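Taking the form predicted on its own, here's one chain by itself in structure tokens.
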């Protein structure tokens, strides 16, 4: 977490943006969550510990955190934008529950190799990719069969 804070401070300085304790507090809370929070989710976490911080500050700070390369905005089905950790996190794909919204991160070297082979076969120069599978998590599947 210390390195992420250093990167954040260096980004602010290099880009002429102001450092503030509130920005660092928001960064701390974001770095501690391993979920994929929306701005509102993150705001709820922030206001529990720092009630003086407003929603607009959380929104603006997350934009800066993303610009600094520490977070990435992910747009899942339904136009809901979430944030996930970008710095020092391995590439992964997502399983997204359509009922409860749970997001499960998955990593598969086999899928990555298949994607590389497909790009090569079609003489396609891939720059980035993402894979999202939508369905129902174990908990929601269990609830469906119990009804």
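Please read all numbers here as calculations on a predicted model, not as lab measurements. By rigid core we mean the largest C-alpha set that fits within 1.5 Å across both forms. Residue numbers count along the first chain shown, from 1.
As for the form predicted together with another copy of the chain, it is not shown, yet the points below apply to it.
Q: I'd like to know if residue 68 sits close to another copy of the chain in the model of the complex, meaning any non-hydrogen atom pair within 4.5 angstroms.
A: No.
Q: So, residue 11 and another copy of the chain: in the model of the complex, are they within 4.5 Å at any heavy atom pair?
A: Residue 11 lies outside the contact set for another copy of the chain.
Q: Residue 132 versus another copy of the chain, in the model of the complex: is there a non-hydrogen atom within 4.5 Å?
A: Residue 132: contacts another copy of the chain in the model of the complex.
Q: Residue 19 near another copy of the chain in the model of the complex, any heavy atom under 4.5 Å?
A: No, residue 19 is distant from the partner.
Q: Consider the chain as shown here, without its partner, and state which of 39, 45, 96, 53 has a heavy atom within 4.5 Å of another copy of the chain in the model of the complex.
A: Only one listed residue qualifies here, and that residue is 96.
Q: Looking at 82 to 90, 54 to 62, 23 to 31, 102 to 110, which lies within 4.5 angstroms of another copy of the chain in the model of the complex, counting heavy atoms?
A: This holds for exactly one stretch, 102 to 110.
Q: What are the residues of 98 to 127, in order along the chain, with a heavy atom within 4.5 Å of another copy of the chain in the model of the complex?
A: Counting only heavy atoms within 4.5 Å of another copy of the chain in the model of the complex, the contacting residues of 98 to 127 are 98, 104, 106, 107, 108, 110, 111, 114, 115, 118, 122, 123, 124, 125, 126, 127.
Q: Does superposing the core leave residue 137 with a CA shift of 2 Å or more between this form and the one not shown?
A: Comparing the forms between this form and the one not shown, which are aligned on their rigid core, residue 137 does shift its C-alpha by 2 Å or more.
Q: Is residue 102 one of the residues whose Cα moves 2 Å or more between this form and the one not shown, with the core superposed?
A: After core superposition, the displacement of the residue 102 C-alpha between this form and the one not shown reaches the 2 Å mark, so yes.
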